[in-house]
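What follows is one chain in structure tokens, specifically the form predicted alone.
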């Protein structure tokens, strides 16, 4: 018998947050084990659970999956969030890779020095408004549909909303010049599973704080 997926990561966003988002969007309940000590991490290593000695790791359908992209692709395919044919999957992959690039700038932001944070914030806003958001704005405007690919809800929509909300946390007015994305944000936020995930008390994680940063550095023995 297969139980709920179990997520192994820190009690914070990082690379696991997109996995939480996608499972939630699919309406799949999941459990979490938070890494709080070096000993927990070393036990996973000793047990052979971390193929490349890294987290995130997700136990799902009898597998211990690692590598964020592989985990997300599997969830998207399993729960019909990956398009209806190979062409649609290719589009979803392209759009997801774009939002991933943008989101990685934000994921690494809390670990920077104060001086580097100032520079990174400028880069985040610049790339969001000049490189990434204009692409999605044009896609939505050109095909006139509610969703990015095939006029059906997909992984690409989930991750674009996640990216939008992450950038808005850095600059609340970032969508002011993107009416299509404003409407998209409202639509996707009201999909029942997404709406539930956005409500207080869900398994969505808050903006990374000092405790999260300290825990990650201590468990992974990061020196910077």
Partner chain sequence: MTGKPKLTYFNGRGRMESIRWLLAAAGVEFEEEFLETRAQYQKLIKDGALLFEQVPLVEIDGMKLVQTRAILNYLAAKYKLYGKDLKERAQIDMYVEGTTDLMGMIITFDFTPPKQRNLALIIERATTRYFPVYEKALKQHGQEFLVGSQFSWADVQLLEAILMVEEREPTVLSKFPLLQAFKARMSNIPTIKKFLQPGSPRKPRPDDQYVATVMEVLKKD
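Note that the coordinates shown come from a computational prediction; the quantities given were computed from them, not determined experimentally. Numbering follows the first chain given and starts at 1.
Absent from the display: the form predicted in complex with the partner chain. The rest refers to it.
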In the model of the complex, residue 97 touching the partner chain (heavy atom, 4.5 Å): yes
4.5 Å heavy atom contact, residue 86 and the partner chain in the model of the complex: yes
The partner chain contact in the model of the complex: residue 64, any heavy atom under 4.5 Å: yes
Residue 101, heavy atom within 4.5 angstroms of the partner chain in the model of the complex: yes
Partner-contacting position among 182, 54, 37, 190 - heavy atom within 4.5 Å of the partner chain in the model of the complex: 54
Candidate stretches 44-52, 160-168, 27-35, 190-198 - the one whose heavy atoms come within 4.5 Å of the partner chain in the model of the complex: 44-52
Residues of stretch 56-84 in contact with the partner chain in the model of the complex (4.5 Å, non-hydrogen atom): 61, 63, 64, 65, 66, 67, 69, 70, 73, 74, 77, 78, 82
